[in-house]
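Quick heads-up: it's one chain on its own, the form predicted on its own, in structure tokens.
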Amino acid sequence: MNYSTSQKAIQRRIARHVIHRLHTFFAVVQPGFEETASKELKLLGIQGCTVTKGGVAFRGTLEHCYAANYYSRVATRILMRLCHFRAYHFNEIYRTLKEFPWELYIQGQRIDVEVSVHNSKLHHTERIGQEVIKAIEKRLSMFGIPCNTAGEVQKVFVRFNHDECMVSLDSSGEPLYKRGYKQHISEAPLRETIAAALLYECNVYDYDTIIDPMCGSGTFPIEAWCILHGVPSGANRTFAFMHWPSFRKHIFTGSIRKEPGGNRDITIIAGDSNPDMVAITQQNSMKAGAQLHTYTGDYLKEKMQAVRGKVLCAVNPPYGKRIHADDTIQLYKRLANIYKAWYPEWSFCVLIPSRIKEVFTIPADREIHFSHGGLPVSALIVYGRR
């Protein structure tokens, strides 16, 4: 690629200040799974993780950013922290960000600013966003760099908290739970990041058989298959960092490594009483390359035939708007009775609305609380009695 003299100068600055420098990143995580994400990032070789509510902060190079996006199954997105400052007036936002070296981070993308405000004098989010975009455009125009042209979207996150402004660059693009394989979804689907986190918390590698008898669009079984067969969560998608001026394809390619294969002999079963859901799971699993055993049947009425070895049953039954409250309670009572009578040796991970978790009468060995679709939910984990 031929660069002009000014472009060459920018490229040298990008190498010095972005590519060859450590940065602070923040992995946004579904609240309730921060520790799970921290453990996962450490396994990826990322050190210095600091857990806070809603995510994990860490220091690293661009390669660490690439790896976190490509491999993390639990994080929702990865942000690069750019700058922070105090501001009490809108013109302070413009003046400060006009001096920030945006030319090292943005080239040609359409800018989308997402603003959140907590306990700050400046609370008009739309006006804050306008000042940020105006400052970025002004700075880039000084170097003849276009932005907000038709092309890829670059999100800039601006967070005001007690008048302190934190500006971050989104490195992920689409949220990381969008793996690229789920073309068909069921009503109120479970996010892939939550399913993966729960499977990790259930020690997914310890089982011979994993089953989801209310599989919906197949999130639990497909995530289990990908974890156990070493398929990276980002293998079928692209990321926002690929459009950064600092992106070097060879560095990204070099950061990709083969994941351990795990237990390739494991049996993963997906079933549902609705044949349409089974068909959706089959289509999604084909897209993901996952080899599942599927069936149509009513788990609440039909006892399953003997399955192999140590079993984990991960299930997200219908609740909330999908089913009447009284029916929900009866469903979970029935599930508890089934587990005690038919499958006492199995391990279970059952999602249940937190307000009615007492109706599930099997004592949980572990409880994880989070929000799903705006509803407080508890994951009740019961280990098999052998």
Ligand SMILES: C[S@@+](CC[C@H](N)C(=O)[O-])C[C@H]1O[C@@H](n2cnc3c(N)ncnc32)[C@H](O)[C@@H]1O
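Throughout, we count residues from 1 along the sequence that is shown. As the structure is a computational prediction, the values presented were derived from the model and not from experiment.
Just so it is clear, the following notes concern the form predicted together with the named molecule, a form of the same protein that is not shown.
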Choose from 265 to 273, 79 to 87, 170 to 178, 108 to 116 the stretch whose residues reach within 4.5 Å of the named molecule in the predicted complex, heavy atoms counted. 265 to 273
Could you check which residue among L300, M304, A235, I256 gets a heavy atom within 4.5 Å of the named molecule in the predicted complex? L300
Interface residue in the predicted complex among P317, G55, P353, G60, criterion: non-hydrogen atom within 4.5 angstroms of the named molecule: P317
Mark T219 yes when one of its heavy atoms lies within 4.5 Å of a heavy atom of the named molecule in the predicted complex, and no otherwise. yes
Given that the named molecule is not shown alongside this chain, does P245 nevertheless sit within 4.5 Å of it in the predicted complex, heavy atom to heavy atom? no
Does I227 reach the named molecule in the predicted complex, with heavy atoms at most 4.5 Å apart? no
According to a 4.5 angstroms non-hydrogen atom cut-off, is K182 in contact with the named molecule in the predicted complex? yes
Let me know which residues along 189 to 207 have a heavy atom within 4.5 Å of the named molecule in the predicted complex, or say none if there are none. P189, L190
